[in-house]
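The form predicted on its own is given below as one chain in C-alpha cells.
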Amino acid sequence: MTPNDTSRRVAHHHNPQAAAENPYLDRHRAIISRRRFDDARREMVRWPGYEPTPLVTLAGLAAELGIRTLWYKDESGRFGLSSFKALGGAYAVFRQVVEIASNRLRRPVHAADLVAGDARDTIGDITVTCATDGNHGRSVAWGARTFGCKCVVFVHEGVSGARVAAIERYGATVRRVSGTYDDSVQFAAEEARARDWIVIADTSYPGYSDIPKDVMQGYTLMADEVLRQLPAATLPTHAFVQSGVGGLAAAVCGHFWETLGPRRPRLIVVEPDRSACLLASARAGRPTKVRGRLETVMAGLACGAPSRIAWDILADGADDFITIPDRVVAPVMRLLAEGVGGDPPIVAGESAVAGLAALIRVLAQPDLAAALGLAPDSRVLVLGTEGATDPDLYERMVGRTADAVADSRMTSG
C-alpha cells in the first residue's frame, strides 16, 4: 500500500516570482550556466568509473498514485559513493587542484594528468577541507584521493559512525566537532584560514561563493543526464527536489530553466519540517536561518541556513516550497524496496526519498494537489539522491539489508 499519512498537512508556500515564461538572466548564469556546464561535463565524463545513473520509470507506483508517469533518478551507484554528491565536491576539488597544477607546471592540466600523470606530483602538499553530514565529505575525500591531494573533513555530533567510516575509507582525516552542521561549517572555515587549507563547501556565505558554484555546477551533470534519458519529445511537468542548503535544487532549477525555457517543469523544493530554511526564506522574501538542533532522520538535509547563491536562483525560479515530517520517510523507503505493481526494487536512503514522500503526501490532499497543478496526466520527476549511505540505519528502517533489496532487484529483473 502507498503511505497515506494526512494527519498533518504539508506546509506549503507558492513563489509568485517564479513563472515559466520568465527569462534566465545573466545574474543567474553567473552562478549556473550551460557554458560552464559544458566545461564540467567534458572533464567529468572522462573520470574513472563515470557512467550515467539510471532513470527508472515507476509505472506501477504512478498508476497507484493516479498520475501518468513517475521517473526516479537512481543515484545509489554514482562513482561507487552511493550519492549524487560525488558530482559536486569532487568536481570542486578537481577545479582547485587543476588550477594549482597548471600554474606550477605552466601548462594546461586535465583529469588524466592528475589521476596518473606527472601533474599529480605537484599538488601533494595541498589540503582540502569541508564540513559534512556525510555524503559531501565522502565526495571531497574521494576527489582528493583521485586527484592526489590531502583531505580533512569535519563532522558534527549527529553524524553516524558508519558515515564517518565511509569518509575515512577514502583516506581523509575526520574530525568531529560539537553542535550542528552549520557549526561544523564555521569551524572548518576557521581551521582552513589558520592552516592555509582550501575549503570545498557546498554552501556559500558572504565572501565565499566561487567554490560552491563549482559544486553546484557539478550537480548539473545529473540534471543533464535526465534530459538525455527521457523519452523523445517528453518532459516532466513537475520535479520534486529535496534540499538542504539549496545547492542541488538550484542546480536542477538553473539547468532546466536555461536549457528548456518555458518548457521547464514546475519545480517543488522539499525540506524536512525541522530544518526548512528555504521555506522560511521564501516566506520572508530573503535568506533566512532557522534555529534549533535541526534533528531529522534525513541527515543530508539537516541544514539551518540557505546557501546565498543557491537562494539567488531559487528565489526567482523555484515554484513551490513544501515540508515533510520524519515519520513518512521509512514507509517510502520500504515502498521502493518492495516495488509496486511490477516496479523494480530500489535501494533508497533517508534523504533520497524526500521528493517522492512529498509527492505522495501532496496527492493525498486534493486541494494542494490542484494548487500544484497535479492531475492524472502529470509526468513527475523525483531524484533518488542516495542509496544506503548508512547500511545499519537502512536495515533498521526498511527491515532488510540493502544487499537483500539489490539481490531481489536482480532476481525480479
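Just so you know, these numbers come straight off a predicted model, no measurement behind them. From 1 onward, residues are counted along the sequence shown.
Below, we turn to the form predicted in complex with a small molecule, even though it does not appear here.
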{"query": "Stretch from 94 to 102, 170 to 178, 229 to 237, 127 to 135 whose residues place a heavy atom within 4.5 Å of the small molecule in the predicted complex", "finding": "127 to 135"}
{"query": "The small molecule: the contacting residue among Cys253, Ala119, Leu301, Val332 in the predicted complex [heavy atom, 4.5 Å]", "finding": "Leu301"}
{"query": "Candidate from Leu279, Val245, Ala144, Ala86 lying within 4.5 Å of the small molecule in the predicted complex - any heavy atom", "finding": "Val245"}
{"query": "is_contact(Phe154, the small molecule) in the predicted complex, heavy atom dist at most 4.5 Å", "finding": "no"}
{"query": "Phe321 within 4.5 Å of the small molecule in the predicted complex, heavy atoms", "finding": "no"}
{"query": "Proximity of Phe79 to the small molecule in the predicted complex, heavy atoms at 4.5 Å", "finding": "no"}
{"query": "4.5 Å heavy atom contact, Tyr219 to the small molecule in the predicted complex", "finding": "yes"}
